[in-house]
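Here we start with a single chain on its own, the form predicted alone, put down as structure tokens.
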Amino acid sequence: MRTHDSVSILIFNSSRQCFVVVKQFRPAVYMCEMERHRPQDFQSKDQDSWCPLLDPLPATEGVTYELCAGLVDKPELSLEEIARNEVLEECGYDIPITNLKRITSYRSGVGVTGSRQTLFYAEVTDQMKTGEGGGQPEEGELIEVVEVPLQDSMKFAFDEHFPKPMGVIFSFMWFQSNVALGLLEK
């Protein structure tokens, strides 16, 4: 399988002292949950014998909490420009590129795609909010913007009731080690 590299952005709203993440439906997560809850529906099924599921789970079983992110699919744009555009499209914050701090890059999906994801940090304020976000519905994006209060962030990171990829946990831990102490000193 081939896929694009991507960017993700840990967004911290200093006006509200919260992280800004996105909540969205992921079909692959949903199908994994369907198979976990209803394994009998997936036994000896192949493409030729597949039929609609008779007793589907609610769509909420496929919802995940994620960092704002996007594909690196516009070669004319830098990673920072792509990250800036994603923050505006998904979360509604218009930030200058200079507000983006590159944290690191790493391989994601190593068992299937091996693509590279570059993680950025952006501090925003309420004054930078110019829209509602939500992604681009014409591209199949149905994104809900969610705020995670700083004081609840580590509990959220490790609470399995909020399905999330490892990037959320890693970035919240990075923030605690690299940014949170500076906030306390202010």
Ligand SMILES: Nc1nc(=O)c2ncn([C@@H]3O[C@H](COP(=O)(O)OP(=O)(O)O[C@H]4O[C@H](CO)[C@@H](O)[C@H](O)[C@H]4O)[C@@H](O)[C@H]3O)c2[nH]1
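The first residue of the sequence shown is number 1, and the count goes up from there. Quick caveat: nothing in here was measured; it's all calculated off a predicted structure.
Quick note: we don't show the form predicted in complex with the named molecule, though the next part is all about it.
Only one of these stretches, 61 to 69, 148 to 156, 123 to 131, 34 to 42, has heavy atoms within 4.5 Å of the named molecule in the model of the complex; which one is it?
Comparing against the named molecule in the model of the complex, the contact stretch is 61 to 69.
Heavy atom of residue 141 within 4.5 Å of the named molecule in the model of the complex:
Result yes; residue 141 sits at the interface with the named molecule in the model of the complex.
In the model of the complex, residue 24 touching the named molecule (heavy atom, 4.5 Å):
Because a heavy atom of residue 24 falls inside 4.5 Å of the named molecule in the model of the complex, the answer is yes.
Does the 4.5 Å heavy atom contact test between residue 163 and the named molecule in the model of the complex come out positive?
Because no heavy atom of residue 163 falls inside 4.5 Å of the named molecule in the model of the complex, the answer is no.
Heavy atom to heavy atom, is residue 168 within 4.5 Å of the named molecule in the model of the complex?
Close contact exists here: in the model of the complex, residue 168 approaches the named molecule to within 4.5 Å, heavy atoms only.
For 85 to 110: residues with a non-hydrogen atom within 4.5 angstroms of the named molecule in the model of the complex?
Heavy-atom contacts to the named molecule in the model of the complex: 86, 90.
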